[in-house]
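Only one chain is shown below, in structure tokens, and it's the form predicted on its own.
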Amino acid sequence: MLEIRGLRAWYGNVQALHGIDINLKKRELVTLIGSNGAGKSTTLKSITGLLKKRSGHILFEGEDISFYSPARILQAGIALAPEGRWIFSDLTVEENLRMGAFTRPRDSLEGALEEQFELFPILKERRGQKGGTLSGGEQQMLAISRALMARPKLLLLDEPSLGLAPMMVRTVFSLIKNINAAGTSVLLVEQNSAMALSIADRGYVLSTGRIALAETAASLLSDTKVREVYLGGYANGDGI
């Protein structure tokens, strides 16, 4: 579904990615792990067209989208729930969700809203509440739900557990697992590497803008060096 070939990216004169190769199959859940500054968010920004200074090729369902605009990439079927959520604080939950469907026909919005309210019942309860008054976990659900309003084939998630209490982290990761099980492919960037690998099919370890390892999630979880460097000694853990 997604194939990244030789991707290089820069912020000004600083090179952030050094020719990485990544692929993701239909219905897969793949995670990118690595320390801060490794290039994980840069990869997502490159895929969605938000970072312009880059080279290499990004193919989605066989089509080269390397130089598509962000709106055209969304229309092609790739949606991003960004790091920090970036919801519209002064808009209601429902208005936030409608903003996520701006590329879709207007007559399909009500059905899309009902789909999201079924997946996220708490958002239905809060539909008339301003986004800025939600808890951190509810805002994260809103950010993911807003991305899903576009009915993407591939959902990109950037640090969905950031700033959440442990119990809410489990709730959010269970939702991600369910979204993937329902048929949406997922590319997950996550600082909580152990939790990410516990729900993923495969993982890539990024280190200073390069792919250091690419294995099944189970193999990465059992790798002693990966556990020590990225998982804080995590061995078996609870997972989801």
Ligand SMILES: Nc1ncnc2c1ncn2[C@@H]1O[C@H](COP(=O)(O)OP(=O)(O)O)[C@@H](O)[C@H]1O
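Because the structure is a prediction, the values reported are computed rather than measured. We number the residues from 1 along the sequence you see.
Quick note: we don't show the form predicted together with the ligand, though the next part is all about it.
Enquirer: Since only the chain is shown here, I'm wondering whether S41 would be in contact with the ligand in the predicted complex (any heavy atom pair within 4.5 Å).
Expert: S41: contacts the ligand in the predicted complex.
Enquirer: Taking any heavy atom pair closer than or equal to 4.5 Å as contact, tell me whether K45 reaches the ligand in the predicted complex.
Expert: Heavy-atom contact with the ligand at 4.5 Å: present for K45.
Enquirer: So in the predicted complex, is the ligand close enough to L220 to count as touching (4.5 Å, heavy atoms)?
Expert: Residue-level check for L220: no, no contact with the ligand.
Enquirer: Is there a heavy atom of S35 lying 4.5 Å or less from a heavy atom of the ligand in the predicted complex?
Expert: The answer is yes: S35 has a heavy atom within 4.5 Å of the ligand.
Enquirer: Go through 1-34 residue by residue and record those having a heavy atom within 4.5 Å of the ligand in the predicted complex; state none if no residue qualifies.
Expert: The stretch touches the partner through Y11, A16.
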